[in-house]
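Given as structure tokens, the chain that follows is alone and in the form predicted alone.
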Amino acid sequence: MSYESLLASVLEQSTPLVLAALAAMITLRANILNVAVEGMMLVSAFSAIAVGSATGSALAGFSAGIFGAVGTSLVFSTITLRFGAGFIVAGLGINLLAAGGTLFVLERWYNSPGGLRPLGFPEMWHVPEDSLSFIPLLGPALEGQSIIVLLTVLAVPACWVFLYRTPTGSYLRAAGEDEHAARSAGINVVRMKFLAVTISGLFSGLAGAQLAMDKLHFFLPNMTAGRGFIGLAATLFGAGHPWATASAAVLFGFFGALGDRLQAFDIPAQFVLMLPYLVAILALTFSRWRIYVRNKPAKL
């Protein structure tokens, strides 16, 4: 097992997790606990495969995945910000609707409840082989990766610049930290929250398209397999900061890639499959313990 192949696997496994984490992070900064990332990713994955197979165009499938997730995010923001539904309840409802809705379409439209596996699905653009070999270690790992992996690498610093170096990002953070003070300063709090949820939909769309279009080229019911919740765990572990959040998501991706490698050894498959989720639970436990210690009153 070479370091390059392991790093390439970590990049592939981490990309949807990092995107899901950024999607949850941007809404958390607006004081929205977004549990609907899972449903947005699922809608994106289905839309990408359905439109890509119907049109024979990778660009059309990619665009459909983005628009599907953004559209779902607008439904979520309308239900919560316009009609006052609870964020957690609405998010769980979106997840259930996405899971049940995609399965319903598979059964009724495609007559294939087991999944959608189109023949001759168009390929996304990937980094050409031997094009980055001059970069030590990271170059060979990036070769063969999809365009979404490269966009994810750029998305992390872009989020940091947006949140901490732009007026809109400052308004968004202010709306999440203290709504009354933000309104007093003339900030449209609802608009900032709508913006945060929409950006969350964009990142979720990229994550869903990566899952369905990169290597698999098919859609399976519930193929997100809890990645949206792992992304949320990475956000909470990273305390809502872009770099820490992305690092936590990469850590989860590393254990996912390590689990794939462990399948070659005499290790129970159940342990290998639960490894990323076990790490997520431990990370959440550590995060809550850290908050408890920080807020613990001093002894007199």
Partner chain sequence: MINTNFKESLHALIAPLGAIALTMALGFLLVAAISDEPVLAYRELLFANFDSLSNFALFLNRATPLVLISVGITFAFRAGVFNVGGEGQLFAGAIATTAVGIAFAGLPAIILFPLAVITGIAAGAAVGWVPGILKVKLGVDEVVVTLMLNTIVLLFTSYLVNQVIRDTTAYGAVSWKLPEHIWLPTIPGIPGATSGFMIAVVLSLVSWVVLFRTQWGTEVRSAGTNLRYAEAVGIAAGRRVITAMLIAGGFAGLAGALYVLGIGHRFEQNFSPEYGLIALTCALLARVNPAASLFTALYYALMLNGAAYMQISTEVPRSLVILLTGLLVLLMTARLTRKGSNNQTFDAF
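Whichever C-alpha set is largest while still superposing within 1.5 Å between the two forms counts as the rigid core. Keep in mind the model is a prediction, meaning the values are calculated, not measured. Residue numbers count along the first chain shown, from 1.
The form predicted together with the partner chain is left out here; the points below concern that form.
Peer 1: Name the residue from Val197, Leu206, Ile94, Met213 that puts a heavy atom within 4.5 Å of the partner chain in the predicted bound form.
Peer 2: Selected residue: Ile94.
Peer 1: Among Ala181, Val161, Leu137, Val89, which has any heavy atom within 4.5 Å of the partner chain in the predicted bound form?
Peer 2: Flagged contact: Val89.
Peer 1: Please identify, from 47-55, 239-247, 60-68, 31-39, the stretch that has a heavy atom within 4.5 Å of the partner chain in the predicted bound form.
Peer 2: Of the stretches listed, the one contacting the partner is 31-39.
Peer 1: Applying a 4.5 Å heavy atom distance criterion, does Gly101 contact the partner chain in the predicted bound form?
Peer 2: Residue-level check for Gly101: yes, a contact with the partner chain.
Peer 1: How about Pro157 - does it come within 4.5 Å of the partner chain in the predicted bound form, if we only consider non-hydrogen atoms?
Peer 2: Looking in the predicted bound form, residue contacts with the partner chain do not include Pro157, since no heavy atom lies within 4.5 Å.
Peer 1: Is there a non-hydrogen atom of Ala280 within 4.5 angstroms of a non-hydrogen atom of the partner chain in the predicted bound form?
Peer 2: Although the partner chain is absent here, Ala280 would touch it in the predicted bound form, with heavy atoms inside 4.5 Å.
Peer 1: According to a 4.5 angstroms non-hydrogen atom cut-off, is Glu107 in contact with the partner chain in the predicted bound form?
Peer 2: It does: once the partner chain is placed as it appears in the predicted bound form, Glu107 has a heavy atom within 4.5 Å of it.
Peer 1: Taking the partner chain in the predicted bound form, which residues of 195-215 have any heavy atom within 4.5 Å of it?
Peer 2: If the 4.5 Å heavy-atom criterion is applied to the partner chain in the predicted bound form, 195-215 yields nothing.
Peer 1: Aligned on the rigid core, do the two forms place the Cα of Leu22 2 Å or more apart, comparing between the shown form and the other one?
Peer 2: No.
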